[in-house]
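A single chain comes next, written as structure tokens; it is the form predicted alone.
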Amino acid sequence: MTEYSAATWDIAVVGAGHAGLEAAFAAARLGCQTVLFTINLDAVGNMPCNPSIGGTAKGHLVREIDALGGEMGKVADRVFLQSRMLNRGKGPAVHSLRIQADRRKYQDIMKHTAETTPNLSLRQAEIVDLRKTKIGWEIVTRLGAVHRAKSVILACGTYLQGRIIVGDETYPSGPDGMFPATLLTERLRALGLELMRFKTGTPPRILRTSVDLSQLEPQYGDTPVVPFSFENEGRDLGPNTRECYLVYTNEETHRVIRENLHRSPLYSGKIEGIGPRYCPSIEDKVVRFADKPRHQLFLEPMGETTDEMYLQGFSSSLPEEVQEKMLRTLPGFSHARIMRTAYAIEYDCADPLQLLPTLEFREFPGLYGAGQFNGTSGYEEAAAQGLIAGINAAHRCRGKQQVTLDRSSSYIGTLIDDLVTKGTREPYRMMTSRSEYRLLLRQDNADARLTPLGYEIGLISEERYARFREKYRQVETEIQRTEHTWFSPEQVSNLLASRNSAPAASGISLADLLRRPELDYALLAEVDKDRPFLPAAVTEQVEISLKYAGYIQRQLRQAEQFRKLEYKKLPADLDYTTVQGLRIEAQQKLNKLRPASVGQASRISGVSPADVTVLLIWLGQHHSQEEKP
């Protein structure tokens, strides 16, 4: 291959999936000359697995991305086919928005946004080499073009040494039949990166007209549609246009699977990569949960202008003919036609323990990782990392302080802290149970938590920030009004009786009425006749703040205790073998991972509470100063 000098950039992003797009948008919008490489322009913003955005905990991530100034939520609001708020029967901490997306429309919008964003160039090329230079990095395309950049963000998705597996058949491939990236893995290993081999999978796609939908249970979207983007609060996004359908496997389905387990690459040893624990294949579910007579599946639309549908929960790597037999056992699927066969895909990714909380590789200044390349699964996890990597690469190029989010501030902070502190030995998926501060980190208040930071960084406009400030001025004013609005027992007696709520013994404030679980803001309009007209987003914040005030205050105290350890910074060059009292395992782990703070050190596997005490004593003796943001 003959090389030639092609161009010089501030930042080069490798991969134009959800991580690469957010990284490139952030870097370019912060004024850096950015190039975004993709192995195929038709794969920009692709959804090779589920045609949806959001879901449990993932919806929180999308809201946080939007609150910081990212793109995913805005585009999701433009392409939804159906929108539902999950977990409405539970508390607001776990409410999670999820949409079915028109995947091609999503791709078109993302690609066009990349084409029209100032400072951003979109290029189709396979990257085959990455080289460190005295002033930055060189990346080389398969056609010999050498691009120089101050920083590089690797967002390679599932393309690195991608291998598709269906039954006994295996072949090199990226997702959705794209070319794999076959040469970069070798160069990354030669550079010194530690790589892992992971696996994920996807279910078959079914022709809608071949399924008897009358035998399936329809699922309808919510009305009104709740937006992902805070920019769209109060706007009518239009109606849901498609239904999803619920169906269950049965004993016949399980019999077909059990009789063909010997042909499954999961059990034959053909699959080497480690798969996601929380999104197993249907054959894995049948084996692991042998006592369950059925498993839930969802038939979901892929787009407005296609009859192709996605069978969520039916991921498999069994041979194609076995997939046909399994499918035909489902109610309504006796004549179903597969349009795309389910498959497993193996790929290379980096061990995230090599990363700093900024997503920069500890041993390779100016090199960042994002998305599935860092060992995660899911579009939302990828986009969140891409946004942070893009911000930090831009700040590095501009000589600004790097941005880190802690666990008490966001799900994004939790995600990154888990990766860089604990690592992962399987594709990492965000769940609400991973956060110690769920009531503080609700999806509804992501703007309150992160929009000021997005504004400070430069990704939130003056106009949007002014609207944000006005929203929370209204929230505070209304909370004060509810505290100072009082009713006599007679004024509220009928309302309380109708809701089986205890009668008021004396005068009672509107705030105290709102704190009762059986009452809400809308119901109290009956007695609160002089209330001002306020947007739903404002009254939602008022009601949650009052109803959960005690719990919120408790978690705020816990978060403050957490931050005290986070503020106790550890020297970057500290040799932990010189700290007397640390166990040998702790010394080794701390020297390898180089935690930024005592708080981060405390979450490293192998570092005990006694070791943390030793670190605190050492810091006290050495007069280390606490650093506050």
Partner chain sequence: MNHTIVALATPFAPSAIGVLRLSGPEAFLVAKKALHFFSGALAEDCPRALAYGALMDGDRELDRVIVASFRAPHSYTGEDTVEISCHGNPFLLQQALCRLIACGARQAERGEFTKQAFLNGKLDLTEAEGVADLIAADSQRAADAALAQMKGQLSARLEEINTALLELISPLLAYVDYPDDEIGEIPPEELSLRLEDCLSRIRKLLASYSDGRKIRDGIATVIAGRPNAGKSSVMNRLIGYERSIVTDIPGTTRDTVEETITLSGLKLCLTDTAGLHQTDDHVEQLGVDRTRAALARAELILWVCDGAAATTPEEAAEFAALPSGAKKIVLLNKSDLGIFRQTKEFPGANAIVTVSAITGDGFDQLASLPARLLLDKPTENGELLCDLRHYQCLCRAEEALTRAVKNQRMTPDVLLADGEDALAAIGELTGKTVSEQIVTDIFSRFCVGK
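Remember, it's a predicted structure, so these values are computed and weren't measured experimentally. Positions refer to the first chain, counted from 1. For clarity, a rigid core is taken as the largest C-alpha set superposing within 1.5 Å between two forms.
The same protein also has a form predicted together with its partner chain, omitted here; what follows describes it.
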property: Heavy atom within 4.5 Å of its partner chain in the model of the complex - residue from 295, 531, 340, 467; result: 295
property: Selected contact from 271, 405, 279, 79, since only one has a non-hydrogen atom within 4.5 angstroms of its partner chain in the model of the complex; result: 279
property: 98, 288 and 613 each touching its partner chain in the model of the complex (heavy atom, 4.5 Å); result: yes
property: Listed range touching its partner chain, judged in the model of the complex by heavy atoms within 4.5 Å, from 306 to 314, 178 to 186, 485 to 493, 330 to 338; result: 306 to 314
property: Residue 518 within 4.5 Å of its partner chain in the model of the complex, heavy atoms; result: yes
property: Any non-hydrogen atom of residue 89 within 4.5 angstroms of its partner chain in the model of the complex; result: yes
property: In the model of the complex, residue 94 touching its partner chain (heavy atom, 4.5 Å); result: yes
property: Residue 561 within 4.5 Å of its partner chain in the model of the complex, heavy atoms; result: yes
property: Neighbours of its partner chain in the model of the complex among 485 to 501 [non-hydrogen atom within 4.5 angstroms]; result: 499, 500
property: Residue 592 C-alpha relocation of at least 2 Å between the shown form and the other one, rigid core basis; result: no
property: Per-residue C-alpha change between the shown form and the other one, residue 615, threshold 2 Å, rigid core fit; result: yes
property: Rigid core superposition, residue 31 Cα moves 2 angstroms or more between the shown form and the other one; result: no
